[in-house]
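Alright, here's a single protein chain in two forms, structure 1 and structure 2, each given by itself as structure tokens.
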Structure 1
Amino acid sequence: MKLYIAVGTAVLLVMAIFIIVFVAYYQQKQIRQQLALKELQEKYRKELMAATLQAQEHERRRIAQDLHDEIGTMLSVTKLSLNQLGRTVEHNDPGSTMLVQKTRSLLDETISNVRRISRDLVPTTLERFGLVSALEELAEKASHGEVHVELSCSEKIPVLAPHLNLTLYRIAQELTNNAIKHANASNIVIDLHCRPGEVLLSVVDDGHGFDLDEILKDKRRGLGLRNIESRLSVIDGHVTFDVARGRGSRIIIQVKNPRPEVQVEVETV
């Protein structure tokens, strides 16, 4: 009888251990499946975001091409016709010379704006000469009147992948425009430097700042900041907002550089 009890107890114990092991295995399997599902969802989200950003860049390029080839050409032809008309008017109606000159000035300004918009849509300097040159051009164009934009780049910058160049340039462009238009900043510093395997970009301004939580809660505002976070999510980047209402802002971008061993692009101060 004692033997039967011992055998029965052993069988029950083995069954209990088996059930515990089976439940633990099943739970771990479920956890692995959930993690795999989350990874697939994250991968799909990144691919969808990357496709969206790529489509935006293609559309920018198409619009820039249309502006340059069609609108720009039409304006240039219009200017030639206006010059011919101006020479006729000067001989027959000297009093209209001032109107022709004013029209010519407005036309020149329009042509200049079309070219500027076209260059902003497609940063040709970035494609031809790299990120540092494109940021130098951005700082120069953004500086006007009482606004001074400066690029600080005291370290050797390695050649970056094209998609990293474009992402960092677009972010610097967005943050600089925000500092000028919304924060009323007078001094802006774009800082670019590298650490082993990592690129750091920061934009510092002396504007009146903003409340980050308030901006992100309002769906009608903060589209630029959300766009920055979307761009960084595609390349596993990170953004840190050191901001507050009533003082200047410092926004830091960190992205991994998967090929830091590539030769140096430029060294500037």
Structure 2
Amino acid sequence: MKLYIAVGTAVLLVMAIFIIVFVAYYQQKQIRQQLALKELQEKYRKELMAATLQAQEHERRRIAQDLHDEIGTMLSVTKLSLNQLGRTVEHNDPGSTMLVQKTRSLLDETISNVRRISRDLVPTTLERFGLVSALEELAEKASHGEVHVELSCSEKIPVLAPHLNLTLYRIAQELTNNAIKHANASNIVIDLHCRPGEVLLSVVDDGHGFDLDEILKDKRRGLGLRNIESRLSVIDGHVTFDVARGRGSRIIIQVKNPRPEVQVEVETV
């Protein structure tokens, strides 16, 4: 009987050990598959986001081109016709002359507005002269009246990939607009720094700040901030909000491993 019990127990034990090993192996395999699936989903989400942003930029470019080539041209032709009309009515009817002059000034304003919108839609400076020049232009354009925007950047800024330049520029644009429109800031500093293996962009303002949690909870608000996070997720970037209601804000963008192509000397502003 002892032998039967020993053999039976041994068989049962082998089966038990096999079950334990199988459960451990199968569970680990499932976990690995789950992780791989998550990675794939994350990669797909990033690709989708990148495609969306790219489509957005294409659409901006198309609108800018249409505004410049079609609306701008039409307005220029209209201005020429108005000038001709002005010359014919100039001597006969003083009332009409006044009306033509008024229309001409409205037309000039419209033409300059169309040019401005067209330029804002596509940052041509960024494409031609790089991120630092584009940020300088942004600071210059945003500075008006009591609002003073300053750019500060380190001496050596590596030439970054075009999509990275565009992302950083759009984020700086969004944060500067937010500081002016929503925080009523009068002093804004855009700071661009490079450290080995990372690029840091920060926008500091002296506005009245905001409650980040409150804004992110409300789905109708904080679209710009969510957009920043979405843009950063594509380039593996990270945003830190040092914000609170009643004080100035400091928002830091960190992009790791930006893969610089070449180092160029840039004057410190």
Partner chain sequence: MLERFIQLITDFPLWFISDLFLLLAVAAGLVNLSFLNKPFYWLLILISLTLSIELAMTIYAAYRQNNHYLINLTSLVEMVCLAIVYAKEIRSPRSRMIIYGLGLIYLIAFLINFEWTRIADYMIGIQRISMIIFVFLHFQSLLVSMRVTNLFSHAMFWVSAGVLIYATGTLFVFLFVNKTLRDPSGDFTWYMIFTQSFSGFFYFVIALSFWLRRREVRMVEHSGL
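The shown structure was predicted, so the numbers you read here are calculated from the model rather than taken from an experiment. Counting starts at 1 with the first residue of structure 1 and goes up one by one along its sequence. Here the rigid core means the biggest group of C-alpha atoms that line up within 1.5 Å when the two forms are laid on top of each other.
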Pick one: is 1 or 2 the form predicted together with the partner chain?
2
Picking from Glu70, Leu40, Val132, Glu127, the place where the chain hinges between its rigid parts between the two structures is Glu70
Going from one form to the other, how many degrees does the smaller rigid part rotate between the two structures?
6
Between the two structures, C-alpha offset at Ala10 (rigid core aligned, Å):
3.9
